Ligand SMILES: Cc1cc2nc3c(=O)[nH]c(=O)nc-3n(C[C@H](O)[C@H](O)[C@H](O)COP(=O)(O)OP(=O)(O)OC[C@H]3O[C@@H](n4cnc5c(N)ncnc54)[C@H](O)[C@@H]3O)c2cc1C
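Shown next as structure tokens: one chain only, the form predicted on its own.
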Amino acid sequence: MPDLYDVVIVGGGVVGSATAYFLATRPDFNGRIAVVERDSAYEFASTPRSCGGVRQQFTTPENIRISQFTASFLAEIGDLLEVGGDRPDVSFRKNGYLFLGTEAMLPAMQQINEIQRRENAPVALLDRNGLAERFPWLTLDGLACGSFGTEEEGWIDPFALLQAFRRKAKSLGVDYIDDEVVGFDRTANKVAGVRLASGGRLGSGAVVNAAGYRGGKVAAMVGADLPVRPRKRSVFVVDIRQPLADYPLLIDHTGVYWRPEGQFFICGRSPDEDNDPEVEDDDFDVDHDWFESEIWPIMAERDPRFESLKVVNSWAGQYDMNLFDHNAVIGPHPEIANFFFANGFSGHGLQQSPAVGRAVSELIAAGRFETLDLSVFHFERIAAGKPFLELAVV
């Protein structure tokens, strides 16, 4: 006989654990919750391999509102996720994001800034003089403007957030199961059971796909064509032998980014879509040539202090890239009534996890969004061929 659960969450990363937490804290839900995680040490999970960025500089109102909830959640995280007197600290460094733009990019950045200002996001659009005054070390060649988040932007310790959600969820009675989901049993238009690699089976009232870069594979197990695929990203840790206080997370107009990490800096660059092939979900080989040819020269050009540096560490992680429109897929399957998506965050799942976890818990317990209306992220837009584009993908 299967072990019976009211909700089975596939994937115990930050999105799955946030969903479990918010469900477990709802006064109108007292069902059993299981989180199935195949990598319980999180050795290859996306969350701990993330750069930890938190920003409000998105191009759609819904993503901005999601980030604003994240900011408010992080402000109270010690109280909200406290367990047995242990108050979590995710080390939020509020140094801001700085997006740099060229003259050709200026009209689009002005339009985006208007959207952000309408949503009360604290973002300043600086001209060249403003950049020179605020960041005197910055080489302005080729630049016309910079978009800088002045409040509640920066980066956190991603693994600390994951562990805080997981620890709190477990303290509330959520079961974490060290196993892999390999299939589902269907009864009419519902998932009746979850099959595990160990040979076990879980009876399920509802299933949440929070499987990260394997989200497309999990969706295929119920016959859903979810265009979420793994895309590898290499991250490099460099030492320039001089501490730089109050440095932002900088994104050059070429896409190269870097930020402080203790006494070092971490950096990377996402390739163009035409040069971003699908990879196996167990491919974590670092592309060192990518750093030498595509990252370091840009860093040294923009800030001469990076002309002399030493790579001291590196790693690769996987984005759960939504190839359709680079935006999340959140909500129920249109034909499978108890199957819910929380997928395709395309590199910003960590910072969206609080709002997404809350939203999915609302759909399961109340049948509707109660706080933020995230209906624009529905699965049906994919089949209808109507993308909801997010342009600010780093």
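Owing to the predicted nature of the structure, the values given are computational and were not obtained by experimental measurement. Residue positions are given as counts along the sequence shown, with the first one as 1.
One more form of this protein, predicted in complex with the ligand, exists but is not displayed; see below.
Exercise for the section: Go through 271 to 279, 78 to 86, 129 to 137, 315 to 323 and give me the stretch that gets within 4.5 Å of the ligand in the predicted bound form, heavy atoms only. Expected result: Correct option: 315 to 323.
Problem - Exercise: D39 in contact with the ligand in the predicted bound form, heavy atom 4.5 Å - result: Close contact exists here: in the predicted bound form, D39 approaches the ligand to within 4.5 Å, heavy atoms only.
Practice task
With heavy atoms only and a cut-off of 4.5 Å, decide whether R214 touches the ligand in the predicted bound form.
Solution key: Flag for R214 set to yes.
Handout entry: in the predicted bound form, L202 touching the ligand (heavy atom, 4.5 Å)
Key = Because no heavy atom of L202 falls inside 4.5 Å of the ligand in the predicted bound form, the answer is no.
Exercise for the section: Please check if E152 has a heavy atom lying within 4.5 Å of any heavy atom of the ligand in the predicted bound form. Expected result: No, E152 stays farther than 4.5 Å from the ligand in the predicted bound form.
Exercise for the section: Just give me the single entry in E294, D179, D303, E119 that has a non-hydrogen atom within 4.5 angstroms of the ligand in the predicted bound form. Expected result: Result of the distance check: D179.
Practice task
Scan S67, T47, S361, N327 and let me know which has any heavy atom within 4.5 Å of the ligand in the predicted bound form.
Solution key: Filtering the options by heavy-atom distance leaves T47.
Practice task
May I ask whether L98, G101 and P260 all come within 4.5 angstroms of the ligand in the predicted bound form, judged by heavy atoms?
Solution key: Verified in the predicted bound form; spot residues all out of contact, no.
Problem - Contacts with the ligand in the predicted bound form - residues in 48 to 68 whose heavy atoms fall within 4.5 Å - result: Sequence-ordered list: R49, S50, C51, G52, G53.
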